[in-house]
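Okay, so we've got a single protein chain in two different forms coming up as structure tokens, structure 1 first and structure 2 after it.
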Structure 1
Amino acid sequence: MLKTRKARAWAIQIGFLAIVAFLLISSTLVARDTLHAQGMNSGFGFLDRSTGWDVGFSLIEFSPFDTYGKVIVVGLLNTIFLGIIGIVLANVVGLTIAVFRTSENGALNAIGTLYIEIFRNVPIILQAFFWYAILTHLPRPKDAYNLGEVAFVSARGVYLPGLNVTGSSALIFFIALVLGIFFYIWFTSARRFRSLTPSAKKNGKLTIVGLVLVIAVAALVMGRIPETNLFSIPTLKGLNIREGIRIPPEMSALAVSMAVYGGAYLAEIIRAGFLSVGKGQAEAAEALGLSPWYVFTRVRLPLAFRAILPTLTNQYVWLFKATTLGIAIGFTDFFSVISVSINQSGQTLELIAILMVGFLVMNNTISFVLNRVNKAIKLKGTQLRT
């Protein structure tokens, strides 16, 4: 009966599915028994219960009376916030070090190599612990480093001047900015807008800029906290620093470690990209009389970027996952919020499901977007890469 290959293929696949189904069903049954024995209710009803505990850092208003659902949102926002800051900083560091490493100057070379060999070879979590220890051993607020009376650096965190607006409006402000930049780049570089007349193009650009500005300003005006100054400047009052925006040391330590460690990896990727650009292309550009700056920005950088985008995508996803180190030093990121919620509510299975789905969605969004970009900018056809 199982003589033909087709029949065998079917039999194997059905058997495989049966095993998977068996494992799923039996583990569900065991889980039900275990939960029953522990007297716990399964389901997502707990998301509406209030937590009873506060979080250390939140972009939106949060109090212990708020629900589990909200605390998870707080964690998600913190993770996205930290992820964006960390990845942006890592890019800055990475590009700088890559330029050092590919420079013809021996001293810059040596600095770049030293940097990479030191920071790439030590686990990022160790670096996070290290920076956190350094930051929390800074002077106390009353002895804080005073940067021109507008910013302070202390063990309680870095105090920066800011605006007296609610967290949610600041969030909308930033989202508007990011989306604005994204649409602007898309509009100026996408193929489908290339055929527009220059005036239509100009109008389009103005519309995008205008729209973003209106939304951003509106968000700030609506979110303004009444009866306060618009600007909030940190000042030392007694033993503590009042006003301003406090960036807690947990956040800074993570952002710094992501920038330092991620930067070391990104630098090597970017360097490989530069090396992959054929000498011929750069020489051709020079032969056309382009200045070194144009050779770099118009020929080497775009070609290198195309060559490394798939690797960069992986590295961004990896860096984004590194935000989960928050739990090690007490930053309330998505993962640590879930972890505390598990301890407090006991809803292990549901919370871990939320955690995994959350990361699957976020990371796949990153790869999806960047893969689309990659597809859009990919060199068409095959060409000699020498």
Structure 2
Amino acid sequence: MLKTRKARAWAIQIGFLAIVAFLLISSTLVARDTLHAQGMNSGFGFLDRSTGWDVGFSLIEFSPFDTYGKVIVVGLLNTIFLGIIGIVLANVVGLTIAVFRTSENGALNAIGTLYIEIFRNVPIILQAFFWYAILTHLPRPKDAYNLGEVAFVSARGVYLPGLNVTGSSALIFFIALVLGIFFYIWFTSARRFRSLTPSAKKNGKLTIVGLVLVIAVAALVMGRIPETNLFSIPTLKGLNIREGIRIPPEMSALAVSMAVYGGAYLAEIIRAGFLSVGKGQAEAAEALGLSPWYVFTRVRLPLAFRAILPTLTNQYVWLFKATTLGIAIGFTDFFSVISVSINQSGQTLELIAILMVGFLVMNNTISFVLNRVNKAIKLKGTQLRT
């Protein structure tokens, strides 16, 4: 039965998995018996109990009477929200600095080099403390910096125009936009759609845009808070700022830290991608009469993106895990919520398991999506990868 190499390989793998499963089950049973002996309850029934404490920032409605299950969802959504913002800003910073680093202008090149040498070599947690200290020492709300009567910056946070809708509706609106952008890019770049006629491609793009607009508008209209205007503009009333959306300094500090620190690493990765693009391809584009902007956006950037996407995937996963620094400055992220829940409920093993599974799902989702994108745009056969 085990005479062939394939059969022996399968037998070894099955045996290894059986041993791992046995160890996990044994450890779980021993831990459960130990907890019961000490009078501690195990299981996930505590998720239905009220927390009795509030959170500082939440994308959905939350009160101290809500359950542990809901506060974990709050922390999870805050982490995803912060991670997306931080990665997007880091890409903007990284692309800008990479352009500086590859520029023939000596001043821009020096600025890019100085930026990387400074911010890449200072730990991100120190940068989080630094930006948090700056943001919390801004003027009080009554003396806040006024940005055209539509936004304010103060020690209590950044106030931006918003929408008078429920948190769940705003979440649906945000998810619809993100998924719409993803499917639009996928439809326009994937090889399986390249054989479509121009009219079919145009109809496909219009369909995606139309569905996103319908879902987004429906979410806003159905989720509008009764007896309020749809748009909410921050205004200074007395000693405080009313209406609008308040972004707390904790979240702003983390977003800036992720953008500044992560941007320094992304800049070097993107710069390597620019350098991997042969000069002949850019020169050929210039010979066709394309402007420098079109050469950059149609030739250099797409070819560089194809070359660096696997490395960018690893950096995005690492940068997303940096959201756990929120516990250091008081931001209500996934890790912070789990830590507080452990102290309040005593359900250590269950909550750590939820934390591990949550980050596994989020990080593997990032890897899966970007690996699919990489598979769709990579060169096939024996062509050179440029």
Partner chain sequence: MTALDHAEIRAMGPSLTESLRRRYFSSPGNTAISLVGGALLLWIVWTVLNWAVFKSVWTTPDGTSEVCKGIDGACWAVIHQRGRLIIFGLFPYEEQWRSTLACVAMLITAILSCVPWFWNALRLAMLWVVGFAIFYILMRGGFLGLLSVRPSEWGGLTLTVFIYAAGILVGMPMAIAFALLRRSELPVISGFIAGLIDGVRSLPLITILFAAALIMPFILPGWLQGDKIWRVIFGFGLFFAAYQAEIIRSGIQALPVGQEEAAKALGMSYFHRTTRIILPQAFRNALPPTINQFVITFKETSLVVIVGFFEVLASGNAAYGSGEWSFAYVEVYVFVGLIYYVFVFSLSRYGAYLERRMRVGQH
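It should be emphasised that the depicted structure is a prediction, and the values quoted were computed from it without experimental measurement. Under this definition, the rigid core comprises the largest set of C-alpha atoms superposing within 1.5 Å between the forms. FYI, numbering is relative to structure 1, first residue = 1.
Structure 2 derives from the form predicted on its own, whereas structure 1 comes from the other one. If you fit the rigid core between the two structures, you'll see the Cα of G210 move by less than 2 angstroms. Residue displacement note: K279 has its CA displaced by at least 2 Å between the two structures (rigid core superposed). Relative to the superposed core, V299 undergoes a Cα shift of 2 Å or more between the two structures. We note a C-alpha movement of 9.3 Å at A18 between the two structures, with the rigid core held in register.
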